[in-house]
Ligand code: AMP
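Given as structure tokens, the chain that follows is alone and in the form predicted on its own.
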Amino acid sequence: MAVDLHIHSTMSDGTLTPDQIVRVAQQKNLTAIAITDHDALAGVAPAIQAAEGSTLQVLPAVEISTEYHSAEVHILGYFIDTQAPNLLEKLKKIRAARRDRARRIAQKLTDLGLAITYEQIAAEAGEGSIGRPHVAATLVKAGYVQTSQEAFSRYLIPGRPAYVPRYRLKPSAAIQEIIQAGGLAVLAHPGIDNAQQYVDELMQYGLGGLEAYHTNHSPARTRQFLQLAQRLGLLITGGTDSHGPGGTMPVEIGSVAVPDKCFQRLLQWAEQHGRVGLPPRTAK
């Protein structure tokens, strides 16, 4: 049995709806999934509802982008109360900052002679938390670039003409919000941007887990993170980080071999700590 605890839906920058993600996971006979949209919780309830009556369990989760020592560090939150007022307010502020950033990017693109408007970008995002992938998709549709990757490399990464930095929490604040919402804070894909170097520091703020299994982790790196987690007493999670077909991470859901025992240990932790947001009972 396998799980995929890192998936993005159309509620952030994924290309599959929560319902579609659930159907794919069921087709692949996954034990559990987590919708970990960027700074958004709107995809959790639809996914849980879509999985009702099946053996698939859906964890309430989120991924929060933070900045630490000038590096981008992503914090995953599992078992969170999706109605926690403080967390909802903080995520609302982050999403508002995302919209402001998109407006500024649109203006930079206009100044460069590219007829791209904020309204087009917002339409691409739909109900989702707006981000650079939506800008990239808009540029592709307008014919200014051939692929999203080209859009990023030519316009949207640091040092390129339409890049705009955005508001981010500090990891300590993100971890605190997750814990206050009854959740477990996990460092996402530590192999990206060498985020593993901050694990010891982040544990001081309450970090409880490490995403050892990830699309961008080689077998050697995965073993390294498994050993690190064991040494520090951190729980282990993993997932594809799938953004769906055509997304920025277009890997197939369930394509990273994450052992079911990781999920079972997460459930044990949640029960021991009386965490809210446990997956609903499912059909046997």
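This is a predicted model, so every value here is computed, not measured. In case it trips you up, residue 1 is the first one in the sequence shown, and so on.
Another form exists, predicted together with ligand AMP; not displayed. Remarks below refer to it.
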Inset, instruction - Would you check, heavy atoms only and a 4.5 Å threshold, whether G209 touches ligand AMP in the model of the complex? - result: no
Inset, instruction - Flag K90 as yes or no: does it have a non-hydrogen atom within 4.5 angstroms of any non-hydrogen atom of ligand AMP in the model of the complex? - result: no
Inset, instruction - State yes or no: in the model of the complex, is some non-hydrogen atom of P133 no more than 4.5 angstroms from a non-hydrogen atom of ligand AMP? - result: yes
Legend entry - Exercise: H243 in contact with ligand AMP in the model of the complex, heavy atom 4.5 Å: yes
Inset, instruction - Please determine, with the chain shown alone, which of 96-104, 200-208, 79-87, 170-178 has non-hydrogen atoms within 4.5 Å of ligand AMP in the model of the complex. - result: 96-104
Legend entry - Of A71, L114, A142, I157, the one that lies within 4.5 Å of ligand AMP in the model of the complex (heavy atoms): I157
Legend entry - The single option of T222, T248, T66, T31 touching ligand AMP in the model of the complex, heavy atom within 4.5 Å: T248
Legend entry - All of D4, H214 and K261 with a heavy atom within 4.5 Å of ligand AMP in the model of the complex: no
Legend entry - Within 12-38, the residues that have a heavy atom no more than 4.5 Å from ligand AMP in the model of the complex: D13, H38
